[in-house]
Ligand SMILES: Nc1ncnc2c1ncn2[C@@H]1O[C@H](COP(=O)(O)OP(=O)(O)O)[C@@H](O)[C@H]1O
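So this first bit is one chain, no partners, the form predicted alone, shown in structure tokens.
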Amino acid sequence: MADGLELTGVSVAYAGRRVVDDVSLQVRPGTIVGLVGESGSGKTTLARAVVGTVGLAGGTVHLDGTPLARRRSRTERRAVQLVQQDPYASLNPLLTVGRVLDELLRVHRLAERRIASDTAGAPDAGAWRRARCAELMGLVGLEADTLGRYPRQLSGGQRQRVAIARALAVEPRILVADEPTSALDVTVQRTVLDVLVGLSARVGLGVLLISHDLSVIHAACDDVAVLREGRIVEHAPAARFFTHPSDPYSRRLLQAVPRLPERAP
């Protein structure tokens, strides 16, 4: 098996009904795979299966060739992180951004791990965590003074970038972004997508980007998978998908994208 995330025959059932059925998909390091489909097609359920918050009715999830356990260890949970649609709901409103990140670093003892492996001599754990928090802000295009602010003091786009930074804090191999731009206006969407594209290229992060918005997928993804009623009906490089989709359902999705009317001469 190749490096990265690999789903093989993944199925998820609720009340005996399969809402995700026999899905096989790969997300390689340094690439962004877009998952598209109508509401109710199973996109969010598949995201939860990938990060391990719902059990599988069948199939396997591998990371770097190793099967992920049904009950994931802390290390396995760190390796595959979720960025949710609503960052305000997922961030603690009583904690500053700095406290949110610092708590994650302390719980996972990342400073101690890094210091123990640094033969050149590293700062104490507190200093390392402070430097790492500032570094995370830089990775998502935010100023270091954002660390002293509360979620309510941030714009929607800033909160979503903080949510991405929180996911990055535990050094994942795979990021699952579930509709990360749906609550944002178009210009802010572009900023968040630029962050994801930059991270994928810079640190080799594999990203599964879930969206119903084909313009978002077109702007960011290397490959596109189309989910219909829980099954993958097409999986292709983005350039080919947007010019020569092979499945009739994919063609209908593309034809349904709103377009500006032609201007009168």
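Keep in mind that this is a model prediction, so the values were computed, not measured. Throughout, we count residues from 1 along the sequence that is shown.
Heads up, the form predicted in complex with the ligand isn't pictured, but that's what we're talking about next.
In the predicted bound form, at least one heavy atom of residue 43 sits within 4.5 Å of the ligand. Taking the partner from the other structure, the ligand in the predicted bound form has a heavy atom within 4.5 Å of a heavy atom of residue 39.
For residue 252, no non-hydrogen atom is located within 4.5 Å of the ligand in the predicted bound form, even though that partner is not displayed. At the 4.5 Å threshold, heavy atoms of residue 244 stay clear of the ligand in the predicted bound form, well away from it. Taking the ligand as positioned in the predicted bound form, the residues of 13 to 27 that bring a heavy atom within 4.5 Å of it are, in sequence order, 14, 17, 19.
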